[in-house]
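This document opens with one chain alone, in structure tokens, the form predicted on its own.
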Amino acid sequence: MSDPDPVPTLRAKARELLEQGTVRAVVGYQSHAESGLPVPAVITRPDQAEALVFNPLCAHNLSRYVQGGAEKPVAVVAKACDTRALVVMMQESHIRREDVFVIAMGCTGIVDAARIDERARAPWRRIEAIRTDGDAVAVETDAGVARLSLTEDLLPRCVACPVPQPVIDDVRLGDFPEAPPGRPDPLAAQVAEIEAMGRDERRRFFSETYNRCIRCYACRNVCPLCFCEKCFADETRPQWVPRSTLGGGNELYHMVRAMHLAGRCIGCGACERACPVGLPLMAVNTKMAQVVDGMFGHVAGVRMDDTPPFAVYRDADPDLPGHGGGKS
């Protein structure tokens, strides 16, 4: 049955889970006290459930907050793409299925918050309300209404969402698309554009791109699947990555990180959104996902009984042509 506004049901479910002691905490979204934008929130008392929100600006992948020393079990509000991250974490025994109560939220895409600045008629300081009517999203600010579209203003990773249904869930709230939207994928188009470059042009592109990196590690820190106790970039004995952002250290860091995420990255785009200098980080991640799918038929986080290819050794593993496989 269609639920035009699942937020009241979400709040009631969160309150019930906490009152009954089913979970120790609920990880969801609430409106920021100053800007009104939805931000991650961890609630531990039933009365806090009234602060929970869910709307087309809820971009954060909340699976990031289920890791580490958080007292479990916890409930997590998850879009379909977020559930894929939870699956990979379970496949790698980082969390157990019984540790997480998944509240899957119907999602037809997340709009780019940066478009509010473009569409607002005057500088705004606070969002008062967010209303959705079909494909139209009206963001009411203290300076007027910014009108956005769920077709024209989506985040790149949402335009051609490949897995609109949650992979795992304990309860589903809202409406879920039955199939991918069938729109051209802007991330795949970006990969094709880079691949079409000549060798020297491509070399220049990556050099100039990574030279802008300030090595703040925001991409690593926001990624739900970067959970090594100590990152290779922080090692000092031996020191794999130089501390300076000059030279080839930036490129080494990003290439090794992309390899570590090969077959694991679920394409949530959190890294690219967090980057303060706007690096196109999803281009390499998307290319790696294409290679892994082509070689192993593996798409990260879509089957609970699967395992990321780099976590398994098989005698019959394929080799790239010219890299030991003897294939043409």
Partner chain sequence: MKGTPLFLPGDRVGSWVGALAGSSTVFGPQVGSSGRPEFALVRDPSAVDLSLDARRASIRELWMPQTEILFRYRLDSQGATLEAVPRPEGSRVAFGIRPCEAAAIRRVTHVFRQGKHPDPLGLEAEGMAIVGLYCASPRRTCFCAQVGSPVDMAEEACDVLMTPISGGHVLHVMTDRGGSLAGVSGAAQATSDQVSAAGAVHAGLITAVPADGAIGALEATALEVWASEVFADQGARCIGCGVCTFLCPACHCFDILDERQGTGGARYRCWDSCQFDHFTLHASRHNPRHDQAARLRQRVLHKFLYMPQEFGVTGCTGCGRCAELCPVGISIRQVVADVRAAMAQEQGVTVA
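Residue numbers count along the first chain shown, from 1. This structure is a prediction, so every number in the text was calculated from the model and none was measured.
There is another form of this protein, the form predicted together with its partner chain, and it is not shown here; the text below is about that form.
Contact with its partner chain in the model of the complex, defined as a heavy atom within 4.5 Å, is made by all three of L37, T245 and A274. Using a 4.5 Å cutoff between non-hydrogen atoms, A138 does not count as a contact of its partner chain in the model of the complex. For the chain shown alone, R215 is a contact residue for its partner chain in the model of the complex, at least one non-hydrogen atom being within 4.5 angstroms. Under a 4.5 angstroms non-hydrogen atom cutoff, its partner chain in the model of the complex has V42 among its neighbouring residues. Although the partner is absent here, R303 is not a contact residue: none of its heavy atoms lies within 4.5 angstroms of its partner chain in the model of the complex. Among the residues E71, E118, E98, D234, the one placing a heavy atom within 4.5 Å of its partner chain in the model of the complex is D234. Residues placing heavy atoms within 4.5 Å of its partner chain in the model of the complex fall in a single listed stretch, namely 218-226, out of 103-111, 83-91, 175-183, 218-226. Contacts to its partner chain in the model of the complex (heavy atom within 4.5 Å) from stretch 123-142: W124, R125.
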